[in-house]
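Form predicted on its own, single chain, as structure tokens, below.
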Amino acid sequence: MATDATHPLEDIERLGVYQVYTGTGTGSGFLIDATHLLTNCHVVQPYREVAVEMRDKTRIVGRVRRVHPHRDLAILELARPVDGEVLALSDGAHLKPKQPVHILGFPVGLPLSLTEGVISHVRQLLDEQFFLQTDAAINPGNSGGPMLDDQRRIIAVTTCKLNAAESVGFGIPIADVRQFVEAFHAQVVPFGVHCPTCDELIDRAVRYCPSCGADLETHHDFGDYFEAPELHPLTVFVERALAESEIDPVLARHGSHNWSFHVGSAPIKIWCCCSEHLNFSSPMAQTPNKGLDELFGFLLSAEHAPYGFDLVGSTVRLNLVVHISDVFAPDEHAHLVERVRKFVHKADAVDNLLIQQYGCQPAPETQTEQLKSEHGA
């Protein structure tokens, strides 16, 4: 293959395409300028604040500014400018079947990836709307990412695929995307939702559209966009514990009953693996080739209770397990929240100790740059 500096395969890491995290799942999005990201409505729904992950695994808050439920588009305002390359929007005038298409996104939570195929249909009618159809691979997590032509121009926004068929995926045509972005540039209200009937932007919860009179209660759960989602008791507990540990819960969300973040250099994951246990775990370091007796003596010491270590392959993990029944007992919350706070503090301290004193290597997910800073390197 000839090398072409303008080809989408060249250095995709510098492109302004990022992963979006919410309390229901993950998706993709791309910059329309340094402080605004475009994605799918279904990626961010029902949240007004989501997390956007940078290349260095840090996350920043994205505040939802505009959503179009019927066309499945949303725009986020980022907490700070980011320096990824803003890709140009095509005019869509010369698209045709068999033309190459390149899809960027984060399939099934993997790092930024690119898949390729061709345009199968430029204007495919589906559910009374037109889409660009492609045979390029689309997987959960790709939603909201860009579809590119050979000149790195965005020709559509990835939105869905047919589960009952192979190689049948769809993108929102660039004409609709352009119209949505141009309307946002003229927006004066902090947040708005398009009426699913007449396309009017509505900035408050109302029963009837003030423009066309449509009964909005019959469309797309319209009122839910103006209300904070009701959180599950498990989520309420975990996010209270995170807040009291000085961790922003919005930035930690990683899908339904899942959270992930770094404290210092240590990665921490929280998940509910069954109906009985809530797990807190930090994959801290990898075992050395020598000195294992001393290391295991430290790891098996009773001094660490109520926390414990385990070994998965060569990775040492610090763990805390909370029984779900305790989460539903408010009288237990205060001491459990304190236990979580101490777990977070311990993870940040012990990964350094394992590396410095016991000769371990950083775990694959360790923030090594932060580790160097902690070591004074």
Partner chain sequence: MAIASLQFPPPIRRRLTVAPRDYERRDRAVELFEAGELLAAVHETLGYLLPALSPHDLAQGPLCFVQGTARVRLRLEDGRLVVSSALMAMREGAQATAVLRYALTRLSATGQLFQPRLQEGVLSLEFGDRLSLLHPLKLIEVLQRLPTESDNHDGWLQQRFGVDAADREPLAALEEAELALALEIWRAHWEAVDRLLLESRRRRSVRFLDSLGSWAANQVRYALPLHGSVRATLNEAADEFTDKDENPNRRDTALSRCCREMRQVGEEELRRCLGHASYAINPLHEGTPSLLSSVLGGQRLQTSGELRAAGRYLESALELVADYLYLLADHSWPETIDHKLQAALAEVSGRPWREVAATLWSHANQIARQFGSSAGGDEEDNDGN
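These numbers come from a predicted model, not from an experiment. Numbering follows the first chain given and starts at 1.
We do not show the form predicted in complex with its partner chain, though everything after this point is about it.
Peer 1: Counting any non-hydrogen atom inside 4.5 Å, which residue from Glu53, Glu49, Glu332, Asp348 sits next to its partner chain in the predicted bound form?
Peer 2: Flagged contact: Glu332.
Peer 1: With its partner chain left out of view, choose which of Glu166, Asp293, Glu217, Glu182 has a non-hydrogen atom within 4.5 angstroms of it in the predicted bound form.
Peer 2: Exactly one residue meets the criterion: Asp293.
Peer 1: With the partner removed from view, which of 36-44, 22-30, 323-331, 57-65 is the stretch that lies within 4.5 Å of its partner chain in the predicted bound form, judged by heavy atom distances?
Peer 2: One stretch meets the cut-off, namely 323-331.
Peer 1: Please tell me whether any heavy atom belonging to Glu338 falls inside 4.5 Å of a heavy atom of its partner chain, as the geometry stands in the predicted bound form.
Peer 2: Result no; Glu338 lies far from its partner chain in the predicted bound form.
Peer 1: Since only the chain is shown here, I'm wondering whether Lys96 would be in contact with its partner chain in the predicted bound form (any heavy atom pair within 4.5 Å).
Peer 2: Lys96: no contact with its partner chain in the predicted bound form.
Peer 1: In the predicted bound form, does Gln286 come within 4.5 Å of its partner chain, counting heavy atoms only?
Peer 2: Result no; Gln286 lies far from its partner chain in the predicted bound form.
Peer 1: Report yes if any heavy atom of Phe130 sits within 4.5 Å of a heavy atom of its partner chain in the predicted bound form; otherwise report no.
Peer 2: Close contact is absent here: in the predicted bound form, Phe130 is far from its partner chain, nothing within 4.5 Å, heavy atoms only.
Peer 1: Give a yes or no on whether every one of Asn279, Ala302 and Asp310 sits within 4.5 angstroms of its partner chain in the predicted bound form by heavy atom.
Peer 2: Checking in the predicted bound form: Asn279, Ala302 and Asp310 are all within 4.5 Å of its partner chain.
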